[in-house]
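Below sits a lone chain in structure tokens, taken as the form predicted on its own.
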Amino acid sequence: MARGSAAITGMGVRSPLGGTAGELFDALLAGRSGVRTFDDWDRIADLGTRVGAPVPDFDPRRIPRKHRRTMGRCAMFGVVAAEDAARAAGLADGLLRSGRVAAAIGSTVGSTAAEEAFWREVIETGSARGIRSTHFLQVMSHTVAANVAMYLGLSGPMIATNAACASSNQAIGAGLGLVRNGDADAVLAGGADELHVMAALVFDVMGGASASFNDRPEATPRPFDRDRDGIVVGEGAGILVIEDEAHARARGASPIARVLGYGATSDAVNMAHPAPEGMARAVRLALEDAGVAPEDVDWVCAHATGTPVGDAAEAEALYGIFGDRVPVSSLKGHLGHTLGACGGIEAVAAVEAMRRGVVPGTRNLEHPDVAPLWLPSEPVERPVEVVVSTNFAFGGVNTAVVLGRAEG
């Protein structure tokens, strides 16, 4: 049963393909890739992958130095995206500091680069003398949420969702809950993560990183394709302003979209291998929460990271719900896997899809070998009123968010 929606009144993004929603979506429609080869990763023996998707030309100096001291790269992404979202929503300083605006923002961990620097100092010198007092504030798992709240002066609830690839969706679900329950009038919700060789290494040692296209970075990852060989780690941030609709209209703000529902499950089966049943149940719970039938959905923005097992499991789950009547595509072929940021970035893209009436295709999809979904490799022009966005994570974490067009 539907429990009520919340308005989206602003959004901000940093991605491998642009720093605004418009730039990002234009690049998706043009079929551009944000993936490149990192030759300096050769220094790590036995590392198979050499590809990643960085945010280009990011200048942290937009953030005053007194604030940057407590931020690693992931927190910086989150802060600038949140500031853009708040500005787009017209959230004045008085409202931001009123105690009625919350932060629900996730990441996989804190800043991996800061953590490397911390331990390198100790290991190489055998001393703690060179460790800065701000190091932990960059490393702590809730660094993005805390730095956003501190930077914008948010004194409402602060929730840090740290469930790897599902972090952003969990944050959006938490934000929806805060608004529905009256615990906040508005929430900055989403996620951020940074690209570091250690993240790529983690997937590599688990056999889940792309290693066959190091000399052709634009050809990977390959969601749903028979030649997919794993994840390409990316970075960025995606932040929404989720707001009580009556509150938004009372202050003169116009909703640009709506969060309709959220669903989450745990597989409780295997730490690394996903279960289609758990994935499907999360999607069905989200649809039920939104009061939306499968036939009402116009696009499924799939998690599909380009791994052989994960993509097949998700396709099986989605086919059991939607059959072949709704386009299903993944943005990972363009952006790589931005980890804790992916759900936020994908939500921004979903709002743009609803605005423009076009569904992005899946880049690098040439030979599908999964359940017979409608899997476009090129953009599809069609009315987009309702979008389901899925995100899954190690440990059997399954999430789905339902987004809808703004009314009126």
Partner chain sequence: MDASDVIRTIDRILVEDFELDAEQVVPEASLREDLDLDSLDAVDLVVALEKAFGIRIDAKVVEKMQTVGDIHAYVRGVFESGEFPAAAPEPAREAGK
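The model shown is predicted, which means the values in this text are computed figures rather than measured ones. Residue numbers count along the first chain shown, from 1.
Keep in mind the form predicted in complex with the partner chain is missing from the figure; the text below concerns it.
Picking from 57 to 65, 370 to 378, 32 to 40, 349 to 357 the stretch near the partner chain in the predicted complex, with a 4.5 Å limit on heavy atoms, gives 57 to 65. Residue contact with the partner chain in the predicted complex: residue 270 places no heavy atom within 4.5 Å of it. Proximity of residue 251 to the partner chain in the predicted complex falls outside the 4.5 Å heavy atom cutoff. By the criterion of a heavy atom within 4.5 Å, residue 130 is counted among the residues contacting the partner chain in the predicted complex. Within this chain, residue 298 is remote from the site of the partner chain in the predicted complex, having no heavy atom within 4.5 Å. Here is the short version: of 121, 229, 83, 245, the single residue with a heavy atom within 4.5 Å of the partner chain in the predicted complex is 121.
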